[in-house]
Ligand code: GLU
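One chain comes next, on its own, written as structure tokens: the form predicted alone.
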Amino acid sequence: MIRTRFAPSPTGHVHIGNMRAAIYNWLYARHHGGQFLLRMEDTDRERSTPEAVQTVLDAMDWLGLDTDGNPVYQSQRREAHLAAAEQLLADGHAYKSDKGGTGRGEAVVFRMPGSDMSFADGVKGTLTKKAEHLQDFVIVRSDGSPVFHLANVVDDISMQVTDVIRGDDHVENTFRHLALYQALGAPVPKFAHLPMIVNAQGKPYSKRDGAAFVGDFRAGGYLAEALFNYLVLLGWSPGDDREVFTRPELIEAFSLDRVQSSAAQFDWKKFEWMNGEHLRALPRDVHRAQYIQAIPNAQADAEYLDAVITVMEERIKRWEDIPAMAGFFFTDDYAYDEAAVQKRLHKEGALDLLAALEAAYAALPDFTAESAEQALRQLAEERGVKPADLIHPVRIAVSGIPQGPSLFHMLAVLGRDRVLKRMRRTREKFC
């Protein structure tokens, strides 16, 4: 049975690069009907606090990464690590040395085999390192504390991990770990190293580039399913043009042979689009509840609220966008964007055009998206102006903001009475 693991060092935040590794391990295990395990590499006692551990657990819970069995805490396995070191000493695979000349005691140093090493990486192909570049290394410090390399391998052996899927910053470590597996007489797992996540400049993606930790995305109002979906696509593709997946679809499609070896760039515009796609897939009741939570008086007219949700669904990318982008639907006392007013309403002739369109709209037998558009375009032709010379002032007049959904569908949802009232109010305010 395939057994993968996520082995974070809990230090306060969970970077999306680490969480993507967790997601890949989870998907790989679920795809193959295997098990996904969690190990907290919490040996840094100053930073690996209970709060930091809980941050990891909360991030995994939010993203739906269920584990098989309870977490293993590396700090509780010190005796097993030291026992393995003693075994390596007894078998001649390690020796003691006053490493660094500190005089504080003898460190335990692992003896590399002295030959070239190769392994088949599930993402990068065959990787090889010459013997002269494979130096002996410390596995137990002179103060008696096990080093990461020893603890990592001993715990993976104990947990019967069959596949190690981790970031490519561990490639160099893997040669050391292979030698440890062999020296301990343990089965060697398969290894796959994932590409780094980078920013638009090709540098490691960090907090300076926007949200970088799972908690940032959660606090920012993004959906867990959208982040999950997007992180999977940072370095993997299904082999077709699909981009928006459900969880079961990702489990079915995922395979390591479609993981790319080159760095994956985080694209905020693409991510926000994806979050919007996942929002739209949610039941209408969820949307209603979010609108009412953001704008309490939105619940006054259920039919009107549904019409607003429909016209805004292409624009709302996260729930936090609702008040700023859709608030004007539910109040006549909205603020005006000053820059837009200056650019669109203070333009010579703009208010006169607005008055003419107001009269045209008042005279329409029926007020629909189609009739509103036709009347505007006809007026523009009669006045010898571009339709945009009317479209932009009308949008500012009825919403106060320069962007939004399709103007004419927006006008139809607002209804003729609101539209005429708002156009009149705007003309009087800025005349």
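Note that this is a predicted model, so its numbers are computed, not measured. The numbering used is simple: start at 1 and walk along the sequence shown.
As for the form predicted together with this ligand, it is not shown, yet the points below apply to it.
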property	result
Triplet Ala7, Phe148 and His170 all within 4.5 Å of this ligand in the predicted complex via a heavy atom	yes
Residue stretch of 233 to 241, 202 to 210, 162 to 170, 252 to 260 approaching this ligand in the predicted complex, non-hydrogen atom distance within 4.5 Å	162 to 170
Contact flag, Glu41 vs this ligand in the predicted complex, heavy atom cut 4.5 Å	yes
In the predicted complex, Asn152 touching this ligand (heavy atom, 4.5 Å)	yes
